[in-house]
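This document opens with one chain alone, in structure tokens, the form predicted on its own.
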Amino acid sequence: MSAPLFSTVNVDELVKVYDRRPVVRKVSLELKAGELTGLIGANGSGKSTLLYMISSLLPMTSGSIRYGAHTYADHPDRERLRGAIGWLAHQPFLYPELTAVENLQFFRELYGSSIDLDGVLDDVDLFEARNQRVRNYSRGMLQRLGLGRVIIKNPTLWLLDEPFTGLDRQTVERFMKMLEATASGDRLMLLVSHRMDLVARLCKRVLILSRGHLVFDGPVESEQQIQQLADERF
């Protein structure tokens, strides 16, 4: 892996307002290298909006986000900073008329990556389907190829919005092992999932959003503890 561009992300008093309606309300948090942090909240709590802002793809209404020593606005190399952020959203951002391997070839060239495509396709269990057009993929296959796109980028910051959607149990287990190995190094990870059992297994720290407010930020030890915290704060 290449040397990381930053080792912390600091979010300070972050606000996002749509049509005079606050969606994210003065959220402050810190992400650190080597940590896999879980983010949970009810539908409409602001989770995806928060991730979009941290990804630098959505402007904030107020507040700040610092990647190491710099914000996106004052960073000396914005293109490199954007390249250090990996984002898996609900939409996998793939080209349906291309095959899986053609999609990954395109993104590898776009990102200037040298990662072996066959290895990535094997990691996401799509090697046998690598020459099929993506338009014929199932929802789970699209999700796995979207994960492959993030792996190809090899980012410093991983933002994963419901990454387990549509995945079978075997693929979930493989992906979790990969996340654990990656997060134990010098990468930063923020994971959104409604699967509290998986959040409990992967994340030592959990954030809870409720109506745009960060209402919990702390360590967790079990699925039951996360569920109790969620029941109290949603």
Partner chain sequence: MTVKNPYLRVTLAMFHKDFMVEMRSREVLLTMTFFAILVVVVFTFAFYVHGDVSRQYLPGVFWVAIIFSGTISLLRTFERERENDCIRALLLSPTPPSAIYISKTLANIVFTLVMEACLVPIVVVFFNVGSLPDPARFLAILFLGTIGFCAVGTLFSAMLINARMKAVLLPLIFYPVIAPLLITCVKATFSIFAGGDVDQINRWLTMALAFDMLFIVLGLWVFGHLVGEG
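Computed from a prediction, not measured in an experiment: that's the story for all the values here. So that the term is clear: the rigid core is the largest set of C-alpha atoms that superpose within 1.5 Å between two forms. Residue numbers count along the first chain shown, from 1.
The discussion below concerns the form predicted together with the partner chain, not included here.
S.K.: In the model of the complex, does every one of Tyr52, Tyr72 and Glu102 come within 4.5 Å of the partner chain, counting any heavy atom?
M.R.: Yes, because Tyr52, Tyr72 and Glu102 each have a heavy atom that approaches the partner chain to within 4.5 Å in the model of the complex.
S.K.: Let me know the one among Val172, Leu57, Ala42, Met178 whose heavy atoms come within 4.5 Å of the partner chain in the model of the complex, would you?
M.R.: Contact check passes for Leu57.
S.K.: Quick one: is Gly112 in contact with the partner chain in the model of the complex, heavy atoms, 4.5 Å cut-off?
M.R.: Residue-level check for Gly112: yes, a contact with the partner chain.
S.K.: Spell out, yes or no, whether the shortest heavy atom distance between Phe107 and the partner chain in the model of the complex is within 4.5 Å.
M.R.: Taking the distances in the model of the complex, the answer for Phe107 is yes, it comes within 4.5 Å of the partner chain.
S.K.: Taking the shortest heavy atom distance, is Leu117 within 4.5 Å of the partner chain in the model of the complex?
M.R.: Answer no; every heavy atom of Leu117 is more than 4.5 Å from the partner chain in the model of the complex.
S.K.: I'd like to know whether Arg144 contacts the partner chain in the model of the complex, with contact meaning heavy atoms within 4.5 angstroms.
M.R.: No - in the model of the complex, heavy atoms of Arg144 and the partner chain never come within 4.5 Å of each other.
S.K.: Since the partner is left out here, which residues of 119-153 would have a heavy atom within 4.5 Å of the partner chain in the model of the complex?
M.R.: If the 4.5 Å heavy-atom criterion is applied to the partner chain in the model of the complex, 119-153 yields Arg133, Arg149, Lys153.
S.K.: After a core superposition, would you say Arg78 shifts its C-alpha by at least 2 Å between the shown form and the other one?
M.R.: Superposed on the core, Arg78 moves its C-alpha less than 2 Å between the shown form and the other one.
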